[in-house]
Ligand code: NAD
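One chain is shown next in structure tokens, namely the form predicted alone.
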């Protein structure tokens, strides 16, 4: 069948198999092999965004054997699979063709069943892991101990917030009013997006003696700037990220000498989730243009390559902030960058948004999350939606 993007609100309900596979291969091809990295890597949330980029850098950049876990929608009838479903199959095919060990598990990483399955695969096929990347992004979590289903809420805390946002599809800049979260909503967001599950994973792996002497683990976070703080860093999401910091400290207390656990604060990027968060689309659209004008913009794959090269395995070392985080967001938060973003933010409206921001690039990157708007892909060609094509 011919696959077209079908956009409903903030999501795209279709994914293009060839487009997804092409982007995975391009990231493989642009990654140069380096020395001194991990041998066995487990990536949780490995099907897209920073998680997929981490798996590619580990494999293509360091020759590591990788095991990826993600929870994706398979194709059915005339419905395509999710983008992550195609990304994962493309990754496995490309890695195998290049002589790299690769195994993927589809399922709920929050569950004890998937933890047990991962431990069995590691014991049988991989051995101890050197690196665990925790990059889960889910709005819901069924607690493995109680069976209770928790849903996160992206809201401010304490008081309502009036701000501005952007519909990337229409280009409309509008005012937005956000009511504060209840105590229950804040608690539920911590349960879903905090650090408890990360700790459960470490306990499961350590309990089966599956972490190496040089083991390290990293969980990804985003802090942002003052423009996004009311809804992000100082909202329910920020409260959950504080719990991620707590978990990192707790995990470090359980690990031995030569092992480590850190939260890495990364730069803003375009994902399906980020475009749905109020305020963020306007901020990211302006930020990207400012970064590109100053020649310091980084793609997702290059950003993660820098994390591995300059922080996890390399030349700069493990410099941390006062909370113990690895900071990769320094370029975004430079004073001159944020000053210019704030200036344009105050001026932006639906008429001048194309002049002040890189809206077209953000639209393109949003479509590319689902395999569309990829140069060199024939979108009029028939697709086998039940398999990832060879590229």
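Numbering follows the first chain given and starts at 1. As the structure is a prediction and not an experimental result, all values here were calculated from the model.
The protein also exists as the form predicted in complex with the ligand; that form is not presented, and the subsequent description refers to it.
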Decide whether residue 58 counts as a contact residue for the ligand in the model of the complex under a heavy atom distance cut-off of 4.5 Å.
-> no
Would you please decide whether residue 45 lies within 4.5 angstroms of the ligand in the model of the complex, comparing each non-hydrogen atom pair?
-> yes
Answer for residue 135 alone: is it within 4.5 Å of the ligand in the model of the complex, judged on heavy atom distances?
-> yes
Would you check, heavy atoms only and a 4.5 Å threshold, whether residue 72 touches the ligand in the model of the complex?
-> yes
Would you mind picking the one in 193, 210, 95, 247 that has a heavy atom within 4.5 Å of the ligand in the model of the complex?
-> 193
Using heavy atoms only and a 4.5 Å cut-off, determine which of 215, 308, 198, 232 is in contact with the ligand in the model of the complex.
-> 232
Since the chain is shown here on its own, which stretch among 178 to 186, 118 to 126, 148 to 156, 101 to 109 would lie within 4.5 Å of the ligand in the model of the complex, judged by heavy atoms?
-> 101 to 109
Sequence-ordered residues of 266 to 298 touching the ligand in the model of the complex, heavy atom within 4.5 Å | 266, 267, 268, 269, 271, 272, 273, 274
